[in-house]
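Given as structure tokens, the chain that follows is alone and in the form predicted on its own.
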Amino acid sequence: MLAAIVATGLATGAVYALIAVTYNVMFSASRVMSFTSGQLGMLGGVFGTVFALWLHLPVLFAFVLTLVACAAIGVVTEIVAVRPVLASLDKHLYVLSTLAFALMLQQLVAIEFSTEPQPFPRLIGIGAGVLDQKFWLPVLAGGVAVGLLEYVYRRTLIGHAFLAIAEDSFAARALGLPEQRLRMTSYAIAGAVGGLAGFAGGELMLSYVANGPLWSFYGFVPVALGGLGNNRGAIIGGLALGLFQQAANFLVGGIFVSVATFVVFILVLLAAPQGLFGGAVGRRV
């Protein structure tokens, strides 16, 4: 029983962590919290089912197409819901614009796909019991995604450009950096990460339209726990959330799982408002 709780908790937490990373990647390039992150994860599962089960494409090809499709949705998010807000005087309109776009995606999937949970294809057929691929694939996907992002941000010129526009977009533009193209690229990367979350977690959580709003919330919790913009903190926060959620589900079950999650979330933020792995941001003036 303990092994099942740990395996399910880590797998679920890895999906939450990838959604949290999606939040972070979008925020890093625009200083906008896009509430489409959960829907991008949901679309990863939906596209995986459509491409692999409905169209009978090879799993690897379906995986690539899923990432491309979710990256395209990420770019559309930037164009439709983020760019007009950044051009306006009221920067906080992103709360409404991204939420409205998320609801549009939710309704389109409900109409064109299904409102019921749909099966997800067996990916590679490795493992059984608590070592089944549906438990370790999300964890592996989370580790690879964060590792690649950390390498890009710290070791490549385009990563340094992302950090530059995140720190001061006006100065970045003055230096000749193509802010708009970099922001679109960042949203494409975020879309691919969200699609990876849904695809890697599809066998465990199925292709389900209701995953969108659920993951939007549970993906935001690791962002707050790990510190906004801290991808490594998001991974730790997501795994901790998944383990806590599964343990609470075993001990109390039902609606009390959500209540317990809310209580712990609030207590942690009261103790560390900047997150467990975040720090106070200082700016030289």
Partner chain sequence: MTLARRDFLMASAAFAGAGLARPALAQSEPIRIGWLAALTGPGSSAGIGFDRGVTFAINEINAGGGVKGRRIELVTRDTQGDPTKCVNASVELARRLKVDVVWGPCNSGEALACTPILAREHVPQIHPCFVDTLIDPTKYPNAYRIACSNEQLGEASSKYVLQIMKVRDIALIGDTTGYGTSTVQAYAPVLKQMGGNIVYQSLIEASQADLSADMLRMRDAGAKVIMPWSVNGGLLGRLLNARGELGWDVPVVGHPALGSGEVKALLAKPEYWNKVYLMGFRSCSFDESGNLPERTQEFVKRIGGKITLADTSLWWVACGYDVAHLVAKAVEQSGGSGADDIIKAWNAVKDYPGVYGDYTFTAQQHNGYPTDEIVLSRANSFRDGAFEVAPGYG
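The shown structure was predicted, so the numbers you read here are calculated from the model rather than taken from an experiment. Residue numbers count along the first chain shown, from 1.
The form predicted in complex with its partner chain is left out here; the points below concern that form.
- Only one of 151-159, 92-100, 176-184, 116-124 lies within 4.5 Å of its partner chain in the predicted bound form by heavy atoms, and it is 116-124.
- Proximity to its partner chain in the predicted bound form, taken as a non-hydrogen atom within 4.5 angstroms, holds for one residue of I189, M205, A81, L137, which is M205.
- Using a 4.5 angstroms threshold between heavy atoms, V146 stays clear of its partner chain in the predicted bound form.
- When contacts are judged by a 4.5 Å heavy atom cut-off, V76 does not count as touching its partner chain in the predicted bound form.
- Shown alone here, F250 lies within 4.5 Å of its partner chain in the predicted bound form, counting heavy atoms only.
- Under a 4.5 angstroms non-hydrogen atom cutoff, its partner chain in the predicted bound form lacks L163 among its neighbouring residues.
- Looking at 1-24, the residues that come within 4.5 Å of its partner chain in the predicted bound form, counting any heavy atom, are M1, A4, I5, T8, T12.
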